[in-house]
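Shown below, as structure tokens, is a lone chain in the form predicted alone; questions about how it binds or moves come after it.
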Amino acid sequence: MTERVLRFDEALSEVLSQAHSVEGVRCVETVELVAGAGRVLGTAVVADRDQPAFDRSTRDGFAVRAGDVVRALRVVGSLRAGESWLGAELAEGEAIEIMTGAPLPVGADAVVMVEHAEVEGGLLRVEAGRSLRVGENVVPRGAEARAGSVVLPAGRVLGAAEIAVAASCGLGSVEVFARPRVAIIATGDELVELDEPMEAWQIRNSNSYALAAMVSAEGGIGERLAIARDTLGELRAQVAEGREADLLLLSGGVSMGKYDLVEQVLREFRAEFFFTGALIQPGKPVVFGRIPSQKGWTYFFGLPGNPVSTQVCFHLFVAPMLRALCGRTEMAPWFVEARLTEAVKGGARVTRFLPAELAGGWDGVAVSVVGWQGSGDVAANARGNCYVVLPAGVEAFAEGETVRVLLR
């Protein structure tokens, strides 16, 4: 097999291209509205009526005819939210006290803010020199949505804002896409499970737990399979089981060592490789492809075994594919920009992703690189909340310089 090691941007483009081609787990299930938080909407939400369903006041004040405010107006009543004006149509020279959210009475076409008005002896006078436009301080009927229009398309993740929209349309339940199953295989003779005794030279299997947590956070169901030891037989058996999931993740065994067997076993399963490495640090040995399965194809990622490498590659490459399988329309990793709090040495020939801490305030967003001991330093990784991105070939990054930051 020809090795295919890509630049970071090329590798990400390859993943996104494949992600846009997958149909995902298209089974739809109905859940109670609040239980839909974090799930991906499977069926569009449609407005059941105009929103708002009436011309709505946006201020406490007085409903009037805009052209009347040049003279004193007689206040003929009061109207609050949740009420409908039952009196006669507002006539010239009249005003009705109105509260925020109340429907505009028939005949009125604007609202004078209470701060701009004075009432004495039942007469309303507007501040001298202040004019009023037709429609001022009023949201017209249907301005937010028309009955029958789509207010939430399928593929949107349901957060608090989306749930509020669904509730405003009268939905007590929503249809969401089923969560994809993700098989997780950690490889290596050095690994032990958390409840097993261990020797000083052994390592606890933290990667499969981290991967399961990240899969869950992205909307999937992580299924941790047994550790695959460094033998072809064990790895074959685990891959045979894992390929029937919706996505297969393997951790470790993708470098060039004598016992790095993942690519060999995947080739035995007639894998198609899209790339066998990316010019990034940490995470250069990452592998991406697909293998035949009962559903046609199952995509897989072979992730480096060092924990920080595993997590960086997940956020960069795995998450976009998993979002596609969840039915999401937005897939790409999220990057922002921030100012460096101190100078950082560059000069690498690969794009680097360093654990960092992002802090934001009124005066701007700043990022600090976390001191770490390399891609096995899980404690340093946990002290950060993001990754600073250092492009290849740049010799140094000055304090105060703006850099990209990968969110996680």
Ligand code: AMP
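Note that residue numbering follows the sequence shown and begins at 1. Model, not experiment: these values are computed from the prediction.
What comes next is about the form predicted in complex with the named molecule, which does not appear here.
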When the contact criterion is heavy atoms within 4.5 Å, does residue 313 count as touching the named molecule in the model of the complex? no
The named molecule contact at residue 186 in the model of the complex, heavy atom, 4.5 Å: yes
With the partner left out here, check for me: in the model of the complex, does some heavy atom of residue 279 sit within 4.5 Å of the named molecule? no
Answer for residue 238 alone: is it within 4.5 Å of the named molecule in the model of the complex, judged on heavy atom distances? no
Note which of 154, 113, 203, 145 lies within 4.5 Å of the named molecule in the model of the complex, where distance is taken over heavy atoms; exactly one does. 203
175, 109, 162, 260: which sits within 4.5 Å of the named molecule in the model of the complex by any heavy atom? 260
Heavy atoms, 4.5 Å, the named molecule in the model of the complex: which of 119-127, 316-324, 203-211, 96-104 makes the cut? Say which one. 203-211
What residues of 230-252, in sequence order, lie within 4.5 Å of the named molecule in the model of the complex by heavy atom? 251, 252
